[in-house]
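Given next are two forms of a protein chain, the same chain in both, each as structure tokens and marked structure 1 or structure 2.
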Structure 1
Amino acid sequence: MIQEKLWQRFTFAERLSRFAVFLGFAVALALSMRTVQIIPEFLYDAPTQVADLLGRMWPMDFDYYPQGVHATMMETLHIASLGTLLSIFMAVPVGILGANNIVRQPLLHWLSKLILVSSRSVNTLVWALLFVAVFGPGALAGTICIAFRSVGFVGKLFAEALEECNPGPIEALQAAGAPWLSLFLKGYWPQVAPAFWGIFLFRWDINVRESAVIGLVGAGGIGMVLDDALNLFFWDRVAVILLSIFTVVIVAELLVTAIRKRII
């Protein structure tokens, strides 16, 4: 008598591993729920509060836009653009030092990784608070904040793009006796240029959104106006400010997408 084999999608070890992962998620969720301490009364009352808030926001005070929103919105775009440009100048050398196929000294690699990790590990609002304390409230603190926060993102992706370059053209240039600058401009740069411009545009798109938030801690831009309107309970103005931010973010997304299609 031939014993029929039972087909199973996962082995016993795989099923045990999946169960351990799901159990870990469940335990983490349970511990998080206990730590957060959700108050049921606030959850039950949330729909009423949302309806009341929306009622306070309507009708919007569109007359407030020319005098109170437009200038700060332009300042927000300037902070994002200048901060992104400044981050490029700082991130490119750090990214080159972090590429294993270009720089082969462990100490320089360690220094590059330290800079990249330090930039990414600190939240944007924390950077903003730090630079507001150093430079005072305003657009300068916001610009420096955006630049320092973007170094880790741009530098890491740029270093990875350099490491993925085809070594053939570089070896040919080295065999011809080309200096290092020619190696980079003629061998590496043509291969990483599309990725570089894509990284630049993507980071600028992110910085437009973050520049609208850092003003809440005094780093300039539309966030400062939003913070004033929230503190004074001018909900009709808050609605106009939020609509302006949403519109600018959507336009920036469409603009970046269109430029990426033409460049890449």
Structure 2
Amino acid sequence: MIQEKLWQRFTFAERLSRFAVFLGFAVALALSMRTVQIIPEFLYDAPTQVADLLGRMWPMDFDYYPQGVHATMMETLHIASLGTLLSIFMAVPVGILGANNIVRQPLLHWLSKLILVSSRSVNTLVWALLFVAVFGPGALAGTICIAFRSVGFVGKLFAEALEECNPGPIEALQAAGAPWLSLFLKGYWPQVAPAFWGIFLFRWDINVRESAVIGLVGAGGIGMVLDDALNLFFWDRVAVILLSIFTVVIVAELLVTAIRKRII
């Protein structure tokens, strides 16, 4: 007699836990769908509203670009670049504290983790609101907001890159009695530099997007012009602003992809 053998890819426990995840999500979805407050009339009305919106956006007010948009667009780019540079200065120490092959102090780890998580879990716009309350409206608040928001992202990825370092060169330097700074500059840095510049470029790309909207709460850049145009219902101007944001974002992304290909 040949014994029947049933081949299965996953164990019973694995299948059960997978099923539990799906079930949990389905229950959460069903509950949400039942309780969330949606007014169906608004949804039926949407096509008319969208048609109205597009009708008001077209033709675009292209003359507005040189008058009001261009200067703020440059300001947006400067906020993004300066904010990213500033975030590096904050993220490098935090990242070093967070890498568990360099610093072996649980307390410092925990501190670094706390900084990284709070930076990432507070949204850019919320950071912008906070810093507008502190520094007053303008590009200073925007730059610092971008920097604080980026610390979490850059720091986390930098710490991960440091943790993946090959210990060989570092042990060699330690054996030669190198001081800590040389250990970092000649042992770790050459190994993480490509990853670091990759992270930097990636974050700059994200920051270009984000600095375009922080102006909505008064933190400088093109968002402030957008906010004015929205409040005054100048939809033809809104269209021009959106088009210019779109163009800049696409160009930034192409640029970053091209540079990343060369350095990595």
Partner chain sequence: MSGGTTTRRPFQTNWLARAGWLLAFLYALYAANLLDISWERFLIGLDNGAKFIGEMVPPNFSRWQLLLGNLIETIEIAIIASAFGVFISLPVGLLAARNLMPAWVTWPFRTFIALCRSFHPVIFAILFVKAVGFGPLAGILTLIFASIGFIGKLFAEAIEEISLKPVEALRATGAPFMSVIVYAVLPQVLNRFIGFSSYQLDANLRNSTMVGIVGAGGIGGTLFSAFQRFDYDFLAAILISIIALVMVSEYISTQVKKVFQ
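Numbers given to residues start at 1 and step along the sequence of structure 1. Fair warning: this is a prediction, and the values are worked out from it, not measured in the lab. If you superpose the two forms and keep the largest set of C-alpha atoms that fall within 1.5 Å, you have the rigid core.
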Exercise for review: Only one of the two shown forms is the form predicted on its own, so please name it by number.
Suggested key: 1
**Study point:** Core-aligned CA displacement of V21 at least 2 Å between structure 1 and structure 2
**Key:** yes
Review point. After a core superposition, would you say Q67 shifts its C-alpha by at least 2 Å between structure 1 and structure 2?
Key: no
Check your understanding: T35: how far does its C-alpha move between structure 1 and structure 2, core aligned, in angstrom?
Key -> 3.4
